[in-house]
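The chain below stands alone, shown as structure tokens; this is the form predicted on its own.
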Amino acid sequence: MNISLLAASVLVLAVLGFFIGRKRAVRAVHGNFAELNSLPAHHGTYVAVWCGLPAAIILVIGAFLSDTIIEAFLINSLPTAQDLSEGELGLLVNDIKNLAIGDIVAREVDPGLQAAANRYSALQTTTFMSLVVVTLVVAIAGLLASQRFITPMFRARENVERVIRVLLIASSTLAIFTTAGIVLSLLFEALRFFNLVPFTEFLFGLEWSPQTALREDQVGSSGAFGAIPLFAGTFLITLIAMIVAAPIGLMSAIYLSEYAPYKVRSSVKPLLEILAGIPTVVYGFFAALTVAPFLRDFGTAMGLEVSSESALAAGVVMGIMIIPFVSSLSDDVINAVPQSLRDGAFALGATQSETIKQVILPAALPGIVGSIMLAISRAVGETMIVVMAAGLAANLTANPLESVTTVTVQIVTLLVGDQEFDSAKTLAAFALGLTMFCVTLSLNVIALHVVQKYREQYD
């Protein structure tokens, strides 16, 4: 039995508890539902919750802590554990785990290592069987104990709703702590970077060359961490993408919601939204193999010098990718405008185009701005298309025909390789991430301000 099978067993017991609880509630009133304080389904849900929820909590905690517990027991049983450094002990434990599962080990297998591997396997079996027993006992105990409360006057619905409310609060709290953890992790590592590189040099520097020497005796660059070329490349590609996506997406939304027949709309809108489901690596291949060579050949024919990897190619393809974000959301917002506004405009003699320009679009403006801001955030965070179509060169230029790079691409580049984690080169990724977090947060605040300022309530 593995964790998945154990989870399935708990789920089966919870479903069984639901049917048992519902049947017991019906039997308690001899089929007369009017005598029940709550519906039979609420009684069944009550039994299912107390059967499955505690067991699921124990299962999750056990699954996360079992490896830590087994490793602690294993280290305590090793006679040479006290004589090894932390790194050597980690390598030894890793070899023991690999030997236990039949994988390749980095040292010669001696009787002591084999005995430790056997001990590790035995600990795994014992821990898992203990988890199975405890989980199933708790599930069965909850199933049996919760049935005692099923009476005609038992307020099962209120108890179930109380448990659901606690779960919702716990989920919200977890989401808040996760967000806070992400921000704090970025902030602490970014502060370490700013201890090595001045904040003003990072934010206002005009040269980006993060290569540094790996060792003190090695000849290498001390690095230049001016992020202006990265921000310029990011905003240039985002601007090109929005020039493509915003007009096309908005006009397609207007056509689908105001002009297109129902059959056309029901066919075209799903086809348009397929663009959002295509992997970004596919768009990257399309940009690198089709769009970039076309733009280079076309520019050469026009007497222009176009780089093989250009901001224009990446921006155009990125704009095609985010068209569904603008189109679908704007279409939903335009359709949400009350029909009475259209009828009123038509009654005053306005044409359909006048109604769209002077009534519908102003009424839908907050939602349209929100969709555009979402598309901008999506474009700012895109990586794969830029890597394959725009390159890695940090050029400070406003020429869309030259090669540029973006912040997200550099974050990926900085975290790949054998550089020390506490070096300025690696820590620069966190500074860039924190900066982009602040930028996207500012965009969301602006969008929220626009929505609140121009939002109108309709009956």
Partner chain sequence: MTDIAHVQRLHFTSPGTKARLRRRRAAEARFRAYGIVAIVVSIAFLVILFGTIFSNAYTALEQTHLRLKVTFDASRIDPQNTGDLEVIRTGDFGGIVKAALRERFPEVTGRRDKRRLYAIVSPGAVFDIQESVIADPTLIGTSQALWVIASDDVDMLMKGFIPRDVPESDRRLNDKQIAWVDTLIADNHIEKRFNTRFFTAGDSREPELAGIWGAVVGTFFTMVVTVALAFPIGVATAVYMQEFAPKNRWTDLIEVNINNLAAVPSIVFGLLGLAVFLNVAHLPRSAPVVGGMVLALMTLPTIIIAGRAALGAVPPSIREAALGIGASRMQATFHHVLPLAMPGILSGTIIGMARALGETAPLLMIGMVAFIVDIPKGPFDPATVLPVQVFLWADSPERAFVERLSAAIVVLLMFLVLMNGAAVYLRKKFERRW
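Owing to the predicted nature of the structure, the values given are computational and were not obtained by experimental measurement. We call the rigid core the largest set of C-alpha positions that still match within 1.5 Å between the two forms. Positions refer to the first chain, counted from 1.
Heads up, the form predicted together with the partner chain isn't pictured, but that's what we're talking about next.
The closest heavy atom approach of residue 255 to the partner chain in the model of the complex falls within 4.5 Å. In the model of the complex, the partner chain lies within 4.5 Å of some heavy atom of residue 42. Although the partner is absent here, residue 185 sits close enough that one of its heavy atoms falls within 4.5 Å of the partner chain in the model of the complex. Remark: residue 232 does not count among the residues lining the partner chain in the model of the complex, judged by a heavy atom distance of 4.5 Å or less. Comparing 363-371, 283-291, 132-140, 298-306 against the partner chain in the model of the complex, the single stretch with non-hydrogen atoms within 4.5 angstroms of it is 283-291. Candidate site formed by 98, 101 and 127: none of these residues places a non-hydrogen atom within 4.5 angstroms of the partner chain in the model of the complex. Among 266, 76, 172, 339, the residue placing a heavy atom within 4.5 Å of the partner chain in the model of the complex is 172.
For the candidate set 347, 164, 145, 72, a heavy atom within 4.5 Å of the partner chain in the model of the complex is found for exactly one residue, namely 164. Contact annotation for 382-415: residues with any non-hydrogen atom within 4.5 angstroms of the partner chain in the model of the complex are 383, 384, 387, 388, 408, 411, 412, 415, listed in sequence order.
Core-superposed comparison between the shown form and the other one: CA of residue 94 displaced by 2 Å or more.
After superposition on the rigid core, displacement of the C-alpha of residue 307 between the shown form and the other one stays below 2 Å. The Cα shift for residue 241 between the shown form and the other one, taken after rigid core superposition, is smaller than 2 angstroms.
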